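Okay, so here's just one chain, in structure tokens, the form predicted alone.
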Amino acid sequence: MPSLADKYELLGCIQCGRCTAGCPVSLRTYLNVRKVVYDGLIGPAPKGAHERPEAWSCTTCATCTERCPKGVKPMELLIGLRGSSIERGKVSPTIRDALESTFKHGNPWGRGREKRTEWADELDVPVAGDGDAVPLLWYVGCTPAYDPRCQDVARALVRLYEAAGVGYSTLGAAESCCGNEVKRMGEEGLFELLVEGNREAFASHSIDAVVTSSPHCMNTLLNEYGGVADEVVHYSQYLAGLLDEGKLAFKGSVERKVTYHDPCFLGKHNAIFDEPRSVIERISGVEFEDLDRSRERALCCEGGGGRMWVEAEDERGERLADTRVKDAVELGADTLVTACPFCLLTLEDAVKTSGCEGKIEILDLAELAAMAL
């Protein structure tokens, strides 16, 4: 069995500590990325992640990898440690249940596949038939399809597509989880199964372009599936393009002071910073101001990397989402906008836990844009 150093190419590490210094969760958990890498350098064989419970604190935001001056990828090591834990069956019930639900029902939320389209019962959302060619596929995603709060975002996107006269199709109840979080929880086998099934579904419809609701879906379809379509974009990019082409216009005014939270899988992973801001700044009445920690320096909300299903036991101090909300209130914003379902959920919860109820509203970018139609 190869050593951790060989398997994850750790020998380039110079123990500078930039990974830990940049890690957004290191201040409030016992995760010390530098030490995990060091232990990997001297360890004779992979250890189970149950021996390193702090590995589950990682949000896979990729800051450690981006900041490493030697090209080492600590995030991949942490994911690998999680995989060792899963192989040994040493995972929490919440993680186990999310993975089992994804295998059985095609989503991690424990809901039946037949309920995947209930959010659209009152809407005219097109579903591709068997063998239909699909020039534009809207990949709705699990969380917008099943979570009641995020279903509002999906409905807002329908309004925006209709306003722009966009022709699109969905896969309806045949849509399955993309597997982005599954892979980052370390379940490589299940991820490969999802990739195989989704690639077959996409190939049967001859899809030209895909627009996703979630940055997590966009990231894995674009960077880890390979060739599912000529173009894979996040909806914020797509809306910005519609505005540039004059196909979408904001006729209303939204009188708000707005700031924006960069989702890690949109920003740090894929360098998409300008398009969401472009959409916000075109809305009449909006006063926009960036948070101090934004773009490449943005603070993580802690919802990624499977953390939505992780019961972390090594936490201390204030949650990053709470800090994020307080930063927005201190800035004087009355609305904090994001463009990711996980960020939306963690930030809304943080409004309550941070004592900021009544001081700020959390909206998805699609909801803000739909308000301006």
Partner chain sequence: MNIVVCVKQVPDTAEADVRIASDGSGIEMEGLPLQINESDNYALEEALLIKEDRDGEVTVITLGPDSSEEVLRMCMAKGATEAVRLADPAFDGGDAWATANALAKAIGGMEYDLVLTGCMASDDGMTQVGVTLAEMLGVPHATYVTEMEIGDGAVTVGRELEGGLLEKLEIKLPAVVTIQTGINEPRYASIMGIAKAAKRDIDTKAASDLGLDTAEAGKAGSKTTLLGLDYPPAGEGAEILDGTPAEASTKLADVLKEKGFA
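No experiment lies behind these values; they were computed from the predicted model shown. Numbering follows the first chain given and starts at 1.
Only in words, not in the display: the form predicted in complex with its partner chain, which the text now covers.
Contact check for Glu188: a heavy atom falls within 4.5 Å of its partner chain in the predicted bound form.
In the predicted bound form, its partner chain sits beyond 4.5 Å of every heavy atom of Ile272. Within this chain, Arg297 is remote from the site of its partner chain in the predicted bound form, having no heavy atom within 4.5 Å.
Contact annotation: Glu87 falls within 4.5 Å of its partner chain in the predicted bound form, judged by heavy atom distances.
Comment: its partner chain is not present in this chain, but in the predicted bound form one of Phe103, Tyr225, Phe250, Phe288 has a heavy atom within 4.5 Å of it, namely Phe103. Between its partner chain and the residues Arg111, Arg293, Arg282, Lys257, the one pair within 4.5 Å by heavy atoms in the predicted bound form involves Arg111. Candidate site formed by Ala5, Arg18 and Leu81: none of these residues places a non-hydrogen atom within 4.5 angstroms of its partner chain in the predicted bound form. In short, of 236 to 244, 112 to 120, 157 to 165, 125 to 133 it is 112 to 120 that has heavy atoms within 4.5 Å of its partner chain in the predicted bound form.
Shown without its partner, the chain has no residue in segment 327 to 346 with a non-hydrogen atom within 4.5 angstroms of its partner chain in the predicted bound form.
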